[in-house]
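Quick setup: one chain, the form predicted on its own, written in structure tokens, and binding and motion questions come after.
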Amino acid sequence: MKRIDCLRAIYPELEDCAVVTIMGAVAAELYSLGHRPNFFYLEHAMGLASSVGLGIALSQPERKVVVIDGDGSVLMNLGGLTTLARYAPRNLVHLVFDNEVLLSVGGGAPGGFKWFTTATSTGSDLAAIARGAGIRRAQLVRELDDFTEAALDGLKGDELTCVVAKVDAEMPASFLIDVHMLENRFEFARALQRMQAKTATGGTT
């Protein structure tokens, strides 16, 4: 699978969600599909997207929260899976793109250095680790149709969901994100406030 195809498949369903992405390729490709104020590109905080998403999910339980993560990021903070499982927010969907390399720092480039591969390249199964951590609804997918079905089921469901998608180690067409990080921080906070107010008034705000 290609990561951009996975993102494109679920993009229409993200309009009313709070979306947190990791740094690098994932953020750049989501941005390339069209920026929305409810998208937060978590730059320079590798491993913490699930932690940020968990905080939002707990504070706004009526809001669907989508964390778009990567294998390197998850491996950097494996404790994040146990914390997700401990609190088990029903409104959180954790999507993990596993390309088996630290692509955003050069591991996916032709002739990329061996030490940029991740543990998933030698057999670590992040979906199995998530289940072992206590996330009951966690699965590994390798085909686009399976990813789309699993992700949409999570978005429509009422249970903490983790979907690990095996994707190609392919650089995005561009790493350009024409939104200043500080601007994105405040824009995202305002979007969450608006969504919360809209929910509180039954959608009339």
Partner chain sequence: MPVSATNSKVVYDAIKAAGVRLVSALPETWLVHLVRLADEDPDMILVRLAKEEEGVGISTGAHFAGLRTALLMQNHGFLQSINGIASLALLYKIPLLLLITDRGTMGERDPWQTEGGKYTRKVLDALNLVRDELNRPDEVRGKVAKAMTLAQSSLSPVALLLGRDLMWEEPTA
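Source: prediction; values computed, not measured. Numbering follows the first chain given and starts at 1.
Quick note: we don't show the form predicted together with its partner chain, though the next part is all about it.
In short, of 42-50, 170-178, 134-142, 155-163 it is 42-50 that has heavy atoms within 4.5 Å of its partner chain in the predicted bound form. Shown alone here, R86 lies within 4.5 Å of its partner chain in the predicted bound form, counting heavy atoms only. Within 4.5 Å of some heavy atom of its partner chain in the predicted bound form lies at least one heavy atom of L54. With a 4.5 Å cutoff on heavy atoms, L58 counts as touching its partner chain in the predicted bound form. Shown alone here, N77 lies within 4.5 Å of its partner chain in the predicted bound form, counting heavy atoms only.
Contacts with its partner chain in the predicted bound form, taken as any heavy atom within 4.5 Å, map within 163-192 to M181, L182, R185, F186, F188, A189, L192.
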